[in-house]
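Encoded as structure tokens, the following chain is the form predicted on its own, with no partner shown.
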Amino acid sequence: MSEGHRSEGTALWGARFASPLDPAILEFTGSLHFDCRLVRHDIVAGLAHARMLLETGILERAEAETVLHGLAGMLAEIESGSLRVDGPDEDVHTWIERTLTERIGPAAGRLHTARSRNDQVGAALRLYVREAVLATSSSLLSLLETWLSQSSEHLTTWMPGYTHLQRAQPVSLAHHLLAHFWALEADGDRLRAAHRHAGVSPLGAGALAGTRHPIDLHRTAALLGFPKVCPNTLLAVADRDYVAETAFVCALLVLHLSRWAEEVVLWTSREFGFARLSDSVAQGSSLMPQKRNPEAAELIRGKSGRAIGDLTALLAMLKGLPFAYNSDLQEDKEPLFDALDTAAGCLEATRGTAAGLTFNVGRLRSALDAGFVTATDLADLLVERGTPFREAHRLAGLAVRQAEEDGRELWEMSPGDLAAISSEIDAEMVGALRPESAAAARRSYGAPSPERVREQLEEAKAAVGRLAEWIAEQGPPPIYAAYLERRLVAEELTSA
């Protein structure tokens, strides 16, 4: 980047300096190539700021109208694709001011009254986070609906539950899928919290110490749809907790998807054979014609490390920063953007893969015929007959050893064989050891019996409904709605 580019791109602050900035330093410190994705959000924040300056009398009406119409024209062209963010500017905020100045002249300089790039950046980033979190929530909702539908179809599709990747106890496929559902549903709650915590306006904090101009911070916040104003100007420009929180939610969300993806990889293998990927989501090998590879699931699994890395980078960057603003904070955007992009991509890949997954009901059921998955039920049945649990555990272990030596399952042994181990074991008890019977008998809250799973399904439907309702309630910022309605300079402009 030439010195000529430097002087043009940094004219907003360059008057203090007698010599040009080293081009290598300008290139190193510039952020336009990644913060350009904040252009819409910065312009919207600018519209709110200009409207507030008009309402408080800091800007005369003619100047305010010029600024508002200039910003609105830029926003329209950005959204249509006819205006692209490009040039020598060090960041998108400088690009907006330069472009606006080229269009409306000196009036553009009025927009920066009572505003610093420090609080300007925070406002744009918070708007971006809230919009991105809302989009992520919508994608998450679609995946939850897919898993809910699949769970409803497999209420009595029995299979082994696993601990240590060893067959443990019988559950239903619906019960297993709902475990993934609830993990992700909790991520939906966390996304809503991140959306709320990002809704704190930093505008009015200036560089760090506020302003002497008679601004109305709460009016600007209301125009942007922010429920709160930051109560401290130092914190307002330094706070990136909402960025770290959003990255954490993305990392945990992708981690949850990775656990599901690992099961897809296992279950679609010949060794398990529990499920099959449709042609639309399986991929082949350049060498081996027979292969049906779960590559999307493998990539979801792999990208969890990337999302965790984004969070780690943010936390390491924030550690030990003194108040208030430091240029280190410029490093918040790329990890945040990548975390949100990774979560969005993994959600869509998971939804598509899940929709292309069919389950082998017979193979799932036959996996219960090995592994003595009802041994715990034998112990529980003995406890019901009055045997202390530790003794019942020992007797059930002896029964498993005998069944293993005989090459049979527990429910295949004769009552006489089992009675030799404990006189409390009879034919009725042996019949209760069949996997379907054992699973159906587990009726504690959240357990796999069909009636309990039906309750889970109803609770899951209600949770989906709550998330959908919340998403529907999140309208655009009032100032953006006014822009769409071409009412930016109307006498009455609602903020509700």
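Numbering starts at 1 and follows the sequence shown. Keep in mind the model is a prediction, meaning the values are calculated, not measured.
The next section is about a form of this same protein that is not shown, the form predicted in complex with arginine (ARG).
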Can you work out whether His93 and arginine (ARG) are in contact in the predicted complex, taking contact to mean some heavy atom pair no more than 4.5 Å apart?
yes
Does Leu75 reach arginine (ARG) in the predicted complex if we count a contact as any heavy atom within 4.5 Å?
no
Are any of the heavy atoms in Phe372 no more than 4.5 Å from a heavy atom of arginine (ARG) in the predicted complex?
no
Using a 4.5 angstroms cut-off on non-hydrogen atoms, would Ser449 count as touching arginine (ARG) in the predicted complex?
no
Based on heavy atom distances of 4.5 Å or less, which listed stretch (55-63, 30-38, 433-441, 457-465) is in contact with arginine (ARG) in the predicted complex?
30-38
Complete contact of Arg130, Ser137 and Trp470 with arginine (ARG) in the predicted complex (any heavy atom, 4.5 Å)
no
Answer with one of Thr211, Asn360, Gln150, Gln330: the residue that has a non-hydrogen atom within 4.5 Å of arginine (ARG) in the predicted complex.
Gln330
The listed residue (Ile215, Val121, Val200, Leu364) that reaches within 4.5 Å of arginine (ARG) in the predicted complex by any heavy atom is Val121
